[in-house]
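Presented as structure tokens, the chain that follows is alone, the form predicted alone.
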């Protein structure tokens, strides 16, 4: 996949391979997060002195990281979605001229807040190794959280490329569905239950492989760092549905770009 060559980006086989690679990143990031306690202060607005910033300590750190990364062109890439797009800084590197791949409104399609909410409310409590505070590791916890969120943001918003590829593969079908505002029909057209089942099966295998000490592979108690079935369940309940929401929201506006 080469973002300078749109035809490679909108190839569904290339998209699937990219999504598989993203699974690796997300699984490893969750394994890293699982070594720490819940640390509720990271998700507080009042524990630390953050100046004029109004939000969670986690959000504050995410903003600092995005501002730094924006200075080296990270968010000029078509496959990156910032959480704080209005507060990025100019890049110190010369701009790149990416060809147009997605519709003009694509930056307006995002589910950032939904991702943050399910991460804080659902993922963190389930992967943390203890539900207590761990003040000496607040910074490390927040750093792990930022990496998890960035990986999830990229993976879920990659649904825009899936949606564009499917639209271009069958524009007649999608024009009819869009004109009729047939949300159910669009959802059915983008859903492949067999592929989704394979994703969940693969996540369990990856969770078992990446989260287990190789020397304990054949032990009766392999001691996975994160329950592999939990990772698959989080994908099933949150990652896949939010990706579909991105695809539907993108497709419903696709005729604006015709």
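Positions refer to the first chain, counted from 1. It should be emphasised that the depicted structure is a prediction, and the values quoted were computed from it without experimental measurement.
The form predicted together with a small molecule is left out here; the points below concern that form.
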Interface segment, criterion being heavy atoms within 4.5 Å of the small molecule in the model of the complex, picked from 183 to 191, 71 to 79, 117 to 125, 89 to 97: 183 to 191
Just checking whether residue 196 would be counted as a contact of the small molecule in the model of the complex - the rule being heavy atoms within 4.5 angstroms. yes
Can you tell me if residue 154 lies within 4.5 angstroms of the small molecule in the model of the complex, counting non-hydrogen atoms only? no
Report yes if any heavy atom of residue 162 sits within 4.5 Å of a heavy atom of the small molecule in the model of the complex; otherwise report no. yes
Taking the small molecule as it sits in the model of the complex, is residue 16 in contact with it (heavy atom to heavy atom, 4.5 Å or less)? yes
Between 248, 22, 240, 10, only one gets a heavy atom within 4.5 angstroms of the small molecule in the model of the complex; which residue is that? 240
